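Presented as structure tokens, the chain that follows is alone, the form predicted alone.
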Amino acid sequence: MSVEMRRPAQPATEGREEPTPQGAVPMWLFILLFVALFWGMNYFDRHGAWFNGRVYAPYRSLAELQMHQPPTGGINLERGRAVYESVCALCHGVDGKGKPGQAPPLAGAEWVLGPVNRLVRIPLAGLTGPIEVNGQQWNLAMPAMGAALSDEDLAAVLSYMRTSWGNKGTEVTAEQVGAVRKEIGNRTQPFTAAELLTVQ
């Protein structure tokens, strides 16, 4: 009696693809991910301005940067504040409350909140003689501190004064300053309170 050893039959694999193992990620997805990552880093590098000297180098502080920003629809009050603090605050105080025996207050002052044409004359030509501010008498001379300022800077500082420390005045435009400057011409004498009260 003879026993034949037979091998098990192998399944036919011709014409069939090998199945993809479960959990494998296709190669094209890796390539797409790499391209997207490369593009994103390149875009961020070009538009992020991390090390762009034009953005950071010229400015020493955030306040200085904001001072040079273009105004957003009106007078640049940050510029007005900076000019006020460098030109006016020494006498009138950073808080606009004035200093006894030196300068009257600007906070709540009728001269600040009154007609713009009247207010613009004071820094352009100066003020001398007795004047009443917030019910208190003053008799001091103010030089023409705003004569050397541009129309834009003087408008900004006056607007800052009219809208700060609780003041609710309107802004002053560079055109209004220019018109008053032209009207008073080369006046060298400071105004008196009596003269200014005739201006509307």
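Heads up: residue numbers just count along the shown sequence, starting at 1. No experiment lies behind these values; they were computed from the predicted model shown.
The same protein also exists as the form predicted in complex with ligand HEC; that form is not shown, yet it is the one meant from here on.
### Query
Since the chain is shown here on its own, which stretch among 168 to 176, 40 to 48, 138 to 146, 24 to 32 would lie within 4.5 Å of ligand HEC in the predicted bound form, judged by heavy atoms?
Of the options given, it is 138 to 146.
### Query
Can you check whether residue 79 is within 4.5 Å of ligand HEC in the predicted bound form, heavy atom basis?
Answer no; every heavy atom of residue 79 is more than 4.5 Å from ligand HEC in the predicted bound form.
### Query
Though only this chain appears here, would residue 127 touch ligand HEC in the predicted bound form if you measure heavy atom gaps against 4.5 Å?
Contact with ligand HEC, yes.
### Query
Taking heavy atoms only, is residue 158 within 4.5 angstroms of ligand HEC in the predicted bound form?
Flag for residue 158 set to yes.
### Message
Although the partner isn't part of this model, could you tell me whether residue 117 comes within 4.5 Å of ligand HEC in the predicted bound form, counting any heavy atom of the residue?
### Response
Contact with ligand HEC, no.
### Query
For 87 to 126: residues with a non-hydrogen atom within 4.5 angstroms of ligand HEC in the predicted bound form?
Residues within 4.5 Å: 87, 88, 91, 92, 102, 103, 104, 105, 106, 109, 111, 112, 119, 122, 123.
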